[in-house]
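First, one chain by itself in structure tokens, the form predicted on its own.
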Amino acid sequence: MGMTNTANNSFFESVQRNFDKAAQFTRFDQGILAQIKACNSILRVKFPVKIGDSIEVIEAYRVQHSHHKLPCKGGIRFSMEVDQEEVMALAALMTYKCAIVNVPFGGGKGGIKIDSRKYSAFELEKITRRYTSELCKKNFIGPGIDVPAPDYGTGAREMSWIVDTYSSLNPNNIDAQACVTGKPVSQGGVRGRTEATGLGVFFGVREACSFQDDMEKLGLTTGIAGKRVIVQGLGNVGYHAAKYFQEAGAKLVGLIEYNGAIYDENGLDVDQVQAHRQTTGGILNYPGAINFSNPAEGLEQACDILIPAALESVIHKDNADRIQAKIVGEAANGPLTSEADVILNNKGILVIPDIYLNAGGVTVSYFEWLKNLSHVRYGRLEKRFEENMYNELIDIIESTTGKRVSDLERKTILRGPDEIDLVHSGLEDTMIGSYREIRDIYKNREGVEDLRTAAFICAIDKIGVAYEELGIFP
């Protein structure tokens, strides 16, 4: 897991480099481009927390990259790799990500520099609540200011501590629940948030595979069924992506974790691999699969689609040439270095960029935020009404044709949407629409050579217009 600060710096620089490359294809003047690129506000705090009998000084950050739309939005990670450069790079990616999927937020990101495995749940709670109160003091959190979410090392549990601390410090704010997303459903969370990023990755790759001329160029047929997929990282994102690919008829030929990789050209079952991992502590020695004790080798095996869903910079100048996939779907943030990007593009590999492909998480976070502001769950008002309408329709069809609709068909047609159906459908629509916007720029704007540049152009266009229409700068 270790990553040096130089890796973070190069990650920040590669985000800036991608921005500059795309900026030359847009019409905005240097001043507006400089403003879009700049990190607007950076909070760095150190606070004491009593751990056992001693006091530890904890270092933490929150970056608000862009205020062209409010609130700012972005995860909080608990990791020893957290430093200002990394948090700034991730906040910038969030700004562009939100613009691409038409979510009306500015980008933000937070981090606490700790190894969460070293603390008890009680100690983590103390650290998280203290961090939240620091954010409150500095006005770096709030439903209309800055709305955090889970990231590495954090989940629904940490979000519930944050919302509780924020609510107790803001007792008169009726929208206090909307100060953070990724909460447990009982605390105002939305159904479908857990699998959102992985499902978004699946929808994005599926959409990319639906264009016949693009697939013919790669020597592939359209559709997901039958395609060989390798997934790196079986965390929340990778696991759900793998599961949706498998359900759509793809063949999971390889799975990669930090301590090794397995490969089986006949296909692996992700849930059986997870069960094997639970009992043995790792994915290696799965029945029938080839083992690679060096996980990096797993990336280089034969497949059609490679999904890196783990850490930054896993494909770099030293291994990019050995990647055999035809499509690389960036489920993680920044899994390719900029040198690797050039090598893969020259090989004719279709790289679906992170700032589009893993935006499913922030899309569903947006739905959760809207749910909290409206104080009503999705589907509550219309579910029964729609079921009754469909029932009337079936009655009319049956009486007109004199034929009975089968019970199974009746059940299928009559189902009004639950919250999860509406969330998944909103996510699907978002991923399809955004891919088409990006592909359109890629195909039609002179000189644009890859989807990543097209995605950055798409983001800059939208943010640039927002800044122009904000009117005169003071």
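Start at 1 and count along the sequence shown; that's the residue number. If you're wondering where the values come from, they're calculated on a predicted model, not measured in any experiment.
Same protein, other form: the form predicted together with glutamic acid, not shown, and the subject of what follows.
**OP:** Given glutamic acid in the predicted bound form, answer whether the residues Val201, Pro308 and Val328 all have a heavy atom inside 4.5 Å of it.
**Re:** Looking in the predicted bound form, the three residues Val201, Pro308 and Val328 all stay beyond 4.5 Å of glutamic acid (heavy atoms).
Original post:
Which one, Ala149, Ile112, Ile100, Val253, lies within 4.5 Å of glutamic acid in the predicted bound form by heavy atoms?
Top reply: Spelling it out, the residue with a heavy atom inside the cut-off is Ala149.
Original post:
Here the chain is shown alone; which of Cys179, Met94, Val87, Val231 has a heavy atom within 4.5 Å of glutamic acid in the predicted bound form?
Top reply: The option sitting close enough to the partner is Met94.
Original post:
Should Gly75 be counted as a contact of glutamic acid in the predicted bound form, where contact means heavy atoms within 4.5 Å?
Top reply: Result yes; Gly75 sits at the interface with glutamic acid in the predicted bound form.
Original post:
Though only this chain appears here, would Gly361 touch glutamic acid in the predicted bound form if you measure heavy atom gaps against 4.5 Å?
Top reply: Contact check for Gly361: yes, within 4.5 Å of glutamic acid in the predicted bound form.
Subject >> Proximity of Asn333 to glutamic acid in the predicted bound form, heavy atoms at 4.5 Å >> reply: The answer is yes: Asn333 has a heavy atom within 4.5 Å of glutamic acid.
Subject >> His240, heavy atom within 4.5 angstroms of glutamic acid in the predicted bound form >> reply: His240: no contact with glutamic acid in the predicted bound form.
Original post:
Which among 361-369, 78-86, 398-406, 257-265 is in contact with glutamic acid in the predicted bound form, heavy atoms within 4.5 angstroms?
Top reply: Contact criterion met by 361-369 only.
Original post:
Is any part of 185-213 within 4.5 angstroms of glutamic acid in the predicted bound form by a non-hydrogen atom, and which residues would that be?
Top reply: Result: Arg193 alone.
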